[in-house]
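This document opens with one chain alone, in C-alpha coordinates, the form predicted on its own.
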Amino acid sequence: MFIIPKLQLEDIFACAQCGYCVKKCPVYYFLGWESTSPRGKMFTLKEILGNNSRLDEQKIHKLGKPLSMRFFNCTFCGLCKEVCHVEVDLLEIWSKVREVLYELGIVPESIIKLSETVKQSKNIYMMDNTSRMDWVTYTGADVNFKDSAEVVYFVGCITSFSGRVQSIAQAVSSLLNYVNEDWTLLKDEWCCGHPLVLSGAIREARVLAFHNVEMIESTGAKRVVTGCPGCYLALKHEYPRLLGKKPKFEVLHSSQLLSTYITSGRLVVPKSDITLTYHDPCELGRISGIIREPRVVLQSVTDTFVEPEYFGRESICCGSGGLLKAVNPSLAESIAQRRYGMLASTNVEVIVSACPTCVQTLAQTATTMQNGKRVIDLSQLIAERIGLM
(Lines give C-alpha, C1' and ligand atoms only; values in the text may rest on other atoms or scores of the structure.)
Protein backbone atom coordinates (compact mmCIF):
# COMPACT_ATOMS: atom_id res chain seq x y z
CA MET A 1 0.00 0.00 0.00
CA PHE A 2 1.19 3.52 -0.84
CA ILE A 3 0.11 6.26 1.57
CA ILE A 4 -0.85 9.62 0.10
CA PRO A 5 0.36 12.57 2.27
CA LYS A 6 -2.43 14.27 4.20
CA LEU A 7 -2.29 17.57 2.27
CA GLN A 8 -2.46 15.84 -1.11
CA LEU A 9 -5.22 13.56 0.13
CA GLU A 10 -7.25 16.59 1.17
CA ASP A 11 -6.59 18.16 -2.24
CA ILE A 12 -7.82 15.06 -4.08
CA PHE A 13 -11.14 15.04 -2.23
CA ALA A 14 -11.39 18.83 -2.44
CA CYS A 15 -11.66 18.61 -6.22
CA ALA A 16 -15.14 19.87 -7.13
CA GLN A 17 -15.13 18.19 -10.59
CA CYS A 18 -16.05 21.60 -12.03
CA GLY A 19 -14.18 21.18 -15.31
CA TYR A 20 -12.30 24.49 -15.52
CA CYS A 21 -9.08 22.48 -15.84
CA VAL A 22 -10.53 20.39 -18.66
CA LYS A 23 -11.01 23.44 -20.86
CA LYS A 24 -7.37 24.48 -20.44
CA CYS A 25 -5.60 21.10 -20.69
CA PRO A 26 -3.49 20.90 -23.92
CA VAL A 27 -3.68 17.11 -23.90
CA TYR A 28 -7.48 17.07 -23.61
CA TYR A 29 -7.64 19.66 -26.43
CA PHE A 30 -6.34 17.02 -28.84
CA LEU A 31 -7.33 13.67 -27.31
CA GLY A 32 -10.77 14.70 -26.08
CA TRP A 33 -10.82 11.83 -23.60
CA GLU A 34 -12.25 12.73 -20.20
CA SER A 35 -10.03 10.08 -18.59
CA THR A 36 -6.88 11.97 -19.64
CA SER A 37 -8.15 15.35 -18.45
CA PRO A 38 -7.14 16.62 -14.98
CA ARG A 39 -10.73 16.14 -13.77
CA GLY A 40 -10.79 12.59 -15.11
CA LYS A 41 -7.53 11.72 -13.40
CA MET A 42 -8.79 13.11 -10.09
CA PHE A 43 -11.96 11.02 -10.41
CA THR A 44 -9.80 7.93 -11.01
CA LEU A 45 -7.73 8.67 -7.90
CA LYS A 46 -10.86 8.96 -5.79
CA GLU A 47 -11.94 5.54 -7.06
CA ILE A 48 -8.56 4.00 -6.24
CA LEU A 49 -8.41 5.58 -2.80
CA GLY A 50 -11.91 4.80 -1.66
CA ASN A 51 -12.40 6.14 1.87
CA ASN A 52 -8.81 5.93 3.08
CA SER A 53 -5.39 7.44 2.42
CA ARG A 54 -3.85 4.41 0.74
CA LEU A 55 -3.62 3.75 -2.97
CA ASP A 56 -4.82 0.21 -3.57
CA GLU A 57 -2.03 -1.70 -5.38
CA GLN A 58 -4.47 -4.33 -6.59
CA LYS A 59 -6.63 -1.72 -8.29
CA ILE A 60 -3.59 -0.02 -9.76
CA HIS A 61 -2.27 -3.28 -11.21
CA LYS A 62 -5.72 -4.14 -12.53
CA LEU A 63 -5.93 -0.81 -14.40
CA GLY A 64 -2.29 -1.24 -15.48
CA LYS A 65 -1.00 0.47 -18.61
CA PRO A 66 -4.15 2.50 -19.35
CA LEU A 67 -3.87 4.07 -15.90
CA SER A 68 -0.18 4.78 -16.43
CA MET A 69 -0.81 6.43 -19.78
CA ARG A 70 -3.41 8.76 -18.22
CA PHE A 71 -0.75 10.22 -15.96
CA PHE A 72 2.11 10.22 -18.48
CA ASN A 73 0.04 11.73 -21.30
CA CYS A 74 0.65 15.05 -19.61
CA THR A 75 2.95 18.01 -20.29
CA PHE A 76 3.15 19.03 -16.61
CA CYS A 77 2.46 22.54 -17.89
CA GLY A 78 0.55 23.50 -14.75
CA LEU A 79 -2.41 25.18 -16.47
CA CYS A 80 -4.77 22.89 -14.56
CA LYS A 81 -3.31 24.11 -11.27
CA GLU A 82 -3.41 27.71 -12.48
CA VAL A 83 -7.16 27.71 -13.15
CA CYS A 84 -8.26 25.50 -10.24
CA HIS A 85 -10.87 27.44 -8.25
CA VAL A 86 -10.22 25.49 -5.06
CA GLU A 87 -6.44 25.87 -5.48
CA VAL A 88 -5.62 22.18 -5.61
CA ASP A 89 -1.90 21.62 -6.19
CA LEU A 90 -2.43 19.27 -9.11
CA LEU A 91 1.25 19.11 -10.11
CA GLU A 92 2.18 17.76 -6.68
CA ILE A 93 -0.52 15.10 -7.03
CA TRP A 94 0.59 14.09 -10.53
CA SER A 95 4.19 13.86 -9.25
CA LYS A 96 3.20 11.61 -6.36
CA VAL A 97 1.17 9.33 -8.61
CA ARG A 98 4.07 9.00 -11.06
CA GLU A 99 6.32 8.12 -8.14
CA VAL A 100 3.94 5.34 -7.10
CA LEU A 101 3.62 4.04 -10.66
CA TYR A 102 7.41 4.01 -11.05
CA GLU A 103 7.85 2.10 -7.79
CA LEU A 104 5.30 -0.46 -8.97
CA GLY A 105 6.93 -0.76 -12.40
CA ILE A 106 3.80 0.42 -14.20
CA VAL A 107 5.25 3.15 -16.40
CA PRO A 108 5.63 3.40 -20.20
CA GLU A 109 8.63 1.55 -21.63
CA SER A 110 10.07 4.83 -22.90
CA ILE A 111 10.14 6.17 -19.34
CA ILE A 112 12.01 3.09 -18.11
CA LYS A 113 14.55 3.53 -20.91
CA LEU A 114 14.97 7.22 -20.17
CA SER A 115 15.48 6.71 -16.45
CA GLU A 116 17.99 3.90 -17.08
CA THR A 117 19.83 6.14 -19.55
CA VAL A 118 20.14 8.97 -17.05
CA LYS A 119 21.21 6.65 -14.25
CA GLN A 120 23.92 5.03 -16.37
CA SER A 121 25.30 7.91 -18.43
CA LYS A 122 24.39 10.89 -16.19
CA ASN A 123 22.70 12.59 -19.14
CA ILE A 124 19.50 12.07 -21.16
CA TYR A 125 21.26 11.17 -24.42
CA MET A 126 23.19 8.02 -23.39
CA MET A 127 26.36 9.84 -24.39
CA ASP A 128 29.70 9.43 -22.66
CA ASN A 129 29.39 12.16 -20.03
CA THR A 130 33.00 13.19 -20.61
CA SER A 131 31.79 14.59 -23.95
CA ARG A 132 29.45 17.01 -22.12
CA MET A 133 31.89 19.84 -22.84
CA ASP A 134 32.26 19.14 -26.56
CA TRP A 135 29.97 22.12 -27.22
CA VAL A 136 32.92 24.33 -26.30
CA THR A 137 34.92 23.00 -29.24
CA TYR A 138 31.93 23.03 -31.60
CA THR A 139 30.98 26.65 -30.84
CA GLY A 140 34.43 28.09 -30.14
CA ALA A 141 33.20 29.50 -26.82
CA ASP A 142 35.67 31.07 -24.39
CA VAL A 143 34.98 29.18 -21.17
CA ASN A 144 36.41 28.99 -17.67
CA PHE A 145 37.31 26.05 -15.48
CA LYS A 146 38.26 27.28 -12.03
CA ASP A 147 38.64 25.64 -8.64
CA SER A 148 36.71 28.54 -7.11
CA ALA A 149 34.44 31.27 -8.47
CA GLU A 150 31.54 33.53 -7.53
CA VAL A 151 29.23 32.05 -10.18
CA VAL A 152 28.76 28.56 -11.59
CA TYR A 153 27.16 28.21 -15.01
CA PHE A 154 25.13 24.98 -14.98
CA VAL A 155 24.70 24.19 -18.67
CA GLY A 156 22.26 21.24 -18.59
CA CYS A 157 21.90 18.20 -20.85
CA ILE A 158 19.89 19.72 -23.71
CA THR A 159 22.20 22.71 -24.20
CA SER A 160 25.33 20.58 -23.78
CA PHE A 161 24.48 17.76 -26.17
CA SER A 162 21.90 18.99 -28.69
CA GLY A 163 23.59 20.63 -31.68
CA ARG A 164 20.54 22.76 -32.46
CA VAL A 165 20.83 24.70 -29.20
CA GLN A 166 24.50 24.48 -28.18
CA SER A 167 24.90 28.10 -29.26
CA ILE A 168 22.78 29.01 -26.22
CA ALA A 169 25.68 27.86 -24.03
CA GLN A 170 28.02 29.92 -26.21
CA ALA A 171 25.78 32.96 -25.74
CA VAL A 172 25.55 32.65 -21.95
CA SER A 173 29.31 32.12 -21.68
CA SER A 174 30.07 35.14 -23.88
CA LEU A 175 27.74 37.34 -21.81
CA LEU A 176 29.32 36.24 -18.53
CA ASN A 177 32.72 37.11 -19.99
CA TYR A 178 31.45 40.44 -21.36
CA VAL A 179 30.41 41.70 -17.92
CA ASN A 180 33.63 40.33 -16.35
CA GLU A 181 31.79 37.88 -14.13
CA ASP A 182 33.93 35.61 -11.97
CA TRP A 183 32.48 32.33 -13.20
CA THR A 184 33.25 28.71 -13.92
CA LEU A 185 31.78 25.59 -15.45
CA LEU A 186 31.64 22.43 -13.37
CA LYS A 187 34.39 19.96 -14.16
CA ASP A 188 31.96 17.05 -13.74
CA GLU A 189 28.37 18.22 -14.28
CA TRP A 190 25.68 15.53 -14.20
CA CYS A 191 22.06 15.71 -15.36
CA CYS A 192 20.13 17.92 -12.94
CA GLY A 193 17.77 15.01 -12.23
CA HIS A 194 14.58 16.79 -13.26
CA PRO A 195 13.77 14.13 -15.92
CA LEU A 196 14.01 11.47 -13.20
CA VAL A 197 11.69 13.45 -10.92
CA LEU A 198 9.20 13.65 -13.80
CA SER A 199 9.61 9.89 -14.32
CA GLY A 200 8.83 9.22 -10.66
CA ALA A 201 12.37 7.92 -10.03
CA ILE A 202 12.92 9.96 -6.87
CA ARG A 203 15.65 7.86 -5.26
CA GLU A 204 17.69 7.94 -8.47
CA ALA A 205 17.21 11.71 -8.77
CA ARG A 206 18.54 12.14 -5.24
CA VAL A 207 21.91 10.63 -6.27
CA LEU A 208 22.31 13.21 -9.04
CA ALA A 209 21.26 16.05 -6.75
CA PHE A 210 23.83 15.09 -4.12
CA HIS A 211 26.63 14.97 -6.70
CA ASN A 212 25.80 18.31 -8.33
CA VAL A 213 25.41 20.13 -5.02
CA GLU A 214 28.72 18.73 -3.81
CA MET A 215 30.43 19.87 -7.03
CA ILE A 216 28.91 23.36 -6.90
CA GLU A 217 29.61 23.92 -3.21
CA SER A 218 33.22 22.80 -3.68
CA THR A 219 33.76 25.92 -5.82
CA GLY A 220 32.48 28.22 -3.08
CA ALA A 221 30.09 29.79 -5.59
CA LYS A 222 27.41 32.08 -4.21
CA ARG A 223 25.23 31.87 -7.31
CA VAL A 224 24.38 29.25 -9.92
CA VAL A 225 22.98 30.37 -13.25
CA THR A 226 21.29 28.11 -15.76
CA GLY A 227 19.48 28.78 -19.03
CA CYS A 228 17.26 25.70 -18.66
CA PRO A 229 13.99 26.10 -16.72
CA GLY A 230 14.02 22.38 -15.90
CA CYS A 231 17.48 22.67 -14.36
CA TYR A 232 16.33 25.82 -12.56
CA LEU A 233 13.37 23.94 -11.04
CA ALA A 234 15.63 21.08 -10.00
CA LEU A 235 18.37 23.19 -8.44
CA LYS A 236 16.10 25.69 -6.71
CA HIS A 237 13.01 23.72 -5.72
CA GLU A 238 13.57 19.97 -6.09
CA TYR A 239 17.03 19.69 -4.50
CA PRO A 240 15.95 21.01 -1.06
CA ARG A 241 13.19 18.39 -0.99
CA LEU A 242 15.37 15.59 -2.34
CA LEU A 243 18.25 16.29 0.04
CA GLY A 244 16.30 17.57 3.05
CA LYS A 245 18.31 20.79 3.19
CA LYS A 246 18.76 23.98 1.21
CA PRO A 247 22.03 24.21 -0.77
CA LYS A 248 24.45 27.02 0.08
CA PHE A 249 23.96 28.95 -3.14
CA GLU A 250 21.40 31.12 -4.89
CA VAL A 251 19.87 29.80 -8.12
CA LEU A 252 19.13 32.15 -11.02
CA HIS A 253 17.77 31.63 -14.48
CA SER A 254 19.78 33.38 -17.20
CA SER A 255 16.83 35.74 -17.89
CA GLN A 256 16.96 36.93 -14.27
CA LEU A 257 20.69 37.55 -14.51
CA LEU A 258 20.35 39.44 -17.80
CA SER A 259 17.53 41.55 -16.37
CA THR A 260 19.72 42.47 -13.39
CA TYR A 261 22.65 43.35 -15.65
CA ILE A 262 20.46 45.59 -17.83
CA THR A 263 18.58 47.41 -15.06
CA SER A 264 21.84 48.08 -13.18
CA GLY A 265 23.51 49.45 -16.31
CA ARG A 266 26.11 46.72 -16.26
CA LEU A 267 24.92 45.61 -19.70
CA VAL A 268 23.79 48.09 -22.36
CA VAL A 269 22.00 46.66 -25.38
CA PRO A 270 21.67 48.74 -28.57
CA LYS A 271 18.03 48.99 -29.66
CA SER A 272 16.82 48.02 -33.11
CA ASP A 273 13.56 48.04 -35.06
CA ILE A 274 13.32 44.24 -35.04
CA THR A 275 9.84 42.85 -34.26
CA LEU A 276 9.69 40.20 -31.55
CA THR A 277 7.28 37.98 -29.68
CA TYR A 278 8.00 35.83 -26.65
CA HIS A 279 6.95 32.34 -25.66
CA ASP A 280 6.79 31.86 -21.88
CA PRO A 281 8.15 28.39 -21.02
CA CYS A 282 5.74 26.67 -18.63
CA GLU A 283 8.41 25.74 -16.09
CA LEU A 284 9.87 29.25 -16.12
CA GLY A 285 6.78 31.46 -16.31
CA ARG A 286 3.73 29.82 -14.79
CA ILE A 287 5.50 27.35 -12.48
CA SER A 288 8.50 29.44 -11.37
CA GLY A 289 6.88 32.87 -11.68
CA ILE A 290 9.66 34.34 -13.86
CA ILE A 291 7.57 36.43 -16.25
CA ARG A 292 8.65 40.05 -15.83
CA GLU A 293 12.42 39.56 -16.23
CA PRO A 294 12.45 38.22 -19.81
CA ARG A 295 10.26 41.15 -20.86
CA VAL A 296 12.61 43.65 -19.24
CA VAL A 297 15.36 42.17 -21.39
CA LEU A 298 13.25 42.16 -24.57
CA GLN A 299 12.15 45.76 -24.10
CA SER A 300 15.80 46.77 -23.94
CA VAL A 301 16.20 45.40 -27.48
CA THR A 302 13.17 46.82 -29.29
CA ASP A 303 10.06 48.95 -28.94
CA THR A 304 8.21 46.56 -31.24
CA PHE A 305 7.44 43.71 -28.89
CA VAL A 306 4.17 41.86 -29.53
CA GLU A 307 2.54 39.57 -26.98
CA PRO A 308 1.10 36.38 -28.50
CA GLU A 309 -2.28 34.86 -27.81
CA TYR A 310 -1.96 33.40 -24.30
CA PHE A 311 1.15 34.62 -22.48
CA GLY A 312 2.56 34.93 -18.98
CA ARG A 313 0.77 32.64 -16.55
CA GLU A 314 -1.72 31.70 -19.30
CA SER A 315 0.94 30.65 -21.81
CA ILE A 316 0.26 27.48 -23.79
CA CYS A 317 2.78 24.62 -23.62
CA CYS A 318 5.10 23.96 -26.58
CA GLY A 319 4.41 20.24 -26.18
CA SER A 320 7.80 19.17 -24.82
CA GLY A 321 7.07 19.27 -21.10
CA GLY A 322 6.46 16.39 -18.72
CA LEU A 323 8.44 13.90 -20.86
CA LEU A 324 5.49 13.83 -23.30
CA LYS A 325 7.88 13.70 -26.27
CA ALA A 326 9.19 10.38 -25.01
CA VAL A 327 5.75 8.94 -24.24
CA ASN A 328 3.59 10.28 -27.07
CA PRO A 329 5.68 12.10 -29.71
CA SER A 330 2.79 12.60 -32.15
CA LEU A 331 0.69 14.30 -29.47
CA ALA A 332 3.66 16.44 -28.47
CA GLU A 333 4.07 17.50 -32.10
CA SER A 334 0.39 18.45 -32.39
CA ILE A 335 0.64 20.62 -29.27
CA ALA A 336 3.83 22.23 -30.64
CA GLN A 337 2.13 23.08 -33.94
CA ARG A 338 -0.79 24.66 -32.12
CA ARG A 339 1.48 26.84 -30.00
CA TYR A 340 3.76 27.73 -32.89
CA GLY A 341 0.72 28.84 -34.90
CA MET A 342 -0.22 31.29 -32.14
CA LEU A 343 3.31 32.72 -32.04
CA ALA A 344 3.66 32.96 -35.82
CA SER A 345 0.29 34.70 -36.16
CA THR A 346 1.78 37.78 -34.47
CA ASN A 347 3.59 38.37 -37.80
CA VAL A 348 6.86 39.30 -36.09
CA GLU A 349 10.31 38.57 -37.48
CA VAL A 350 11.66 36.57 -34.54
CA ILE A 351 10.14 34.28 -31.92
CA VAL A 352 12.07 34.34 -28.65
CA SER A 353 11.92 31.97 -25.69
CA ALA A 354 14.09 31.33 -22.64
CA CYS A 355 14.28 27.54 -22.64
CA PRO A 356 16.50 25.32 -24.82
CA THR A 357 13.79 22.68 -25.11
CA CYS A 358 11.14 25.22 -26.17
CA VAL A 359 13.56 26.79 -28.67
CA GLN A 360 14.48 23.40 -30.10
CA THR A 361 10.85 22.29 -30.38
CA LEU A 362 9.50 25.52 -31.86
CA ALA A 363 12.43 25.85 -34.29
CA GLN A 364 11.84 22.31 -35.50
CA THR A 365 8.14 23.07 -35.92
CA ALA A 366 8.99 26.22 -37.88
CA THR A 367 11.08 24.12 -40.24
CA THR A 368 8.30 21.56 -40.62
CA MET A 369 5.69 24.23 -41.34
CA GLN A 370 8.07 26.06 -43.71
CA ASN A 371 7.01 29.61 -42.91
CA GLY A 372 10.45 31.07 -42.28
CA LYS A 373 10.14 32.33 -38.69
CA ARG A 374 13.37 32.37 -36.72
CA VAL A 375 13.22 30.95 -33.20
CA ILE A 376 16.02 31.82 -30.76
CA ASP A 377 16.81 31.95 -27.07
CA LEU A 378 16.81 35.19 -25.12
CA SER A 379 20.55 34.87 -24.39
CA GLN A 380 21.31 34.39 -28.10
CA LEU A 381 19.32 37.51 -28.96
CA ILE A 382 21.27 39.66 -26.48
CA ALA A 383 24.67 38.20 -27.42
CA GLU A 384 23.94 38.92 -31.09
CA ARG A 385 22.79 42.47 -30.42
CA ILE A 386 26.02 43.22 -28.55
CA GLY A 387 28.09 41.62 -31.30
CA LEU A 388 29.35 38.66 -29.31
CA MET A 389 28.04 36.08 -31.79
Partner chain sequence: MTTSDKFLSELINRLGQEYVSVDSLEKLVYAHDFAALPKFVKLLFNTTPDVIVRPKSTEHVTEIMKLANEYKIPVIPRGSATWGFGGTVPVKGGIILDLTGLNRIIHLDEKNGLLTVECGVVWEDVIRFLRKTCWELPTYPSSALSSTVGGWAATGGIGYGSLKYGPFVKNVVKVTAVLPDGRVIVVDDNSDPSLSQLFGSEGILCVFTELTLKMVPKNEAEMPFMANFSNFANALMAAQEVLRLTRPHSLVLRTFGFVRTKDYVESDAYFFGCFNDNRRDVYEQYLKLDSIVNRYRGYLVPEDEARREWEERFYTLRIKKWGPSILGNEFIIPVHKILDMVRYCWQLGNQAHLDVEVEVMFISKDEALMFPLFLCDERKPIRYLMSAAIAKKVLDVAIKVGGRPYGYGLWNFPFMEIAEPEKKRELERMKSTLDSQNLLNPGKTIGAEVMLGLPLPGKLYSTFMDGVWVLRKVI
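Not measured: the values here are computed from a predicted model. Positions refer to the first chain, counted from 1.
Beyond what is shown, the protein has a form predicted in complex with the partner chain; the following relates to that form.
Q: From the list 175, 84, 287, 252, which entry has a heavy atom within 4.5 Å of the partner chain in the predicted bound form?
A: Looking at 175, 84, 287, 252 one by one, just 84 meets the 4.5 Å heavy-atom criterion.
Q: Given the stretches 320 to 328, 65 to 73, 347 to 355, 360 to 368, which is the single one in contact with the partner chain in the predicted bound form, using a heavy atom cutoff of 4.5 Å?
A: Checking each option against the 4.5 Å cut-off leaves 65 to 73.
Q: Mark residue 337 yes when one of its heavy atoms lies within 4.5 Å of a heavy atom of the partner chain in the predicted bound form, and no otherwise.
A: Residue 337 lies outside the contact set for the partner chain.
Q: Just to confirm, residue 314 within 4.5 Å of the partner chain in the predicted bound form by heavy atoms?
A: Result yes; residue 314 sits at the interface with the partner chain in the predicted bound form.
Q: Give a yes/no on whether residue 19 approaches the partner chain to within 4.5 Å in the predicted bound form, heavy atoms considered.
A: Yes, residue 19 is a contact residue.
Q: Looking in the predicted bound form, any heavy atom of residue 376 within 4.5 Å of the partner chain?
A: Contact with the partner chain, no.
Q: Is the partner chain in the predicted bound form near all of 155, 161 and 182, within 4.5 Å of a heavy atom of each?
A: No, the candidate spot makes no contact with the partner chain.
Q: Going through 10 to 40 from first to last, which residues have a non-hydrogen atom within 4.5 Å of the partner chain in the predicted bound form?
A: The stretch touches the partner through 10, 13, 14, 15, 16, 17, 18, 19, 20, 23, 24, 28, 31, 32, 33, 34, 35, 39, 40.
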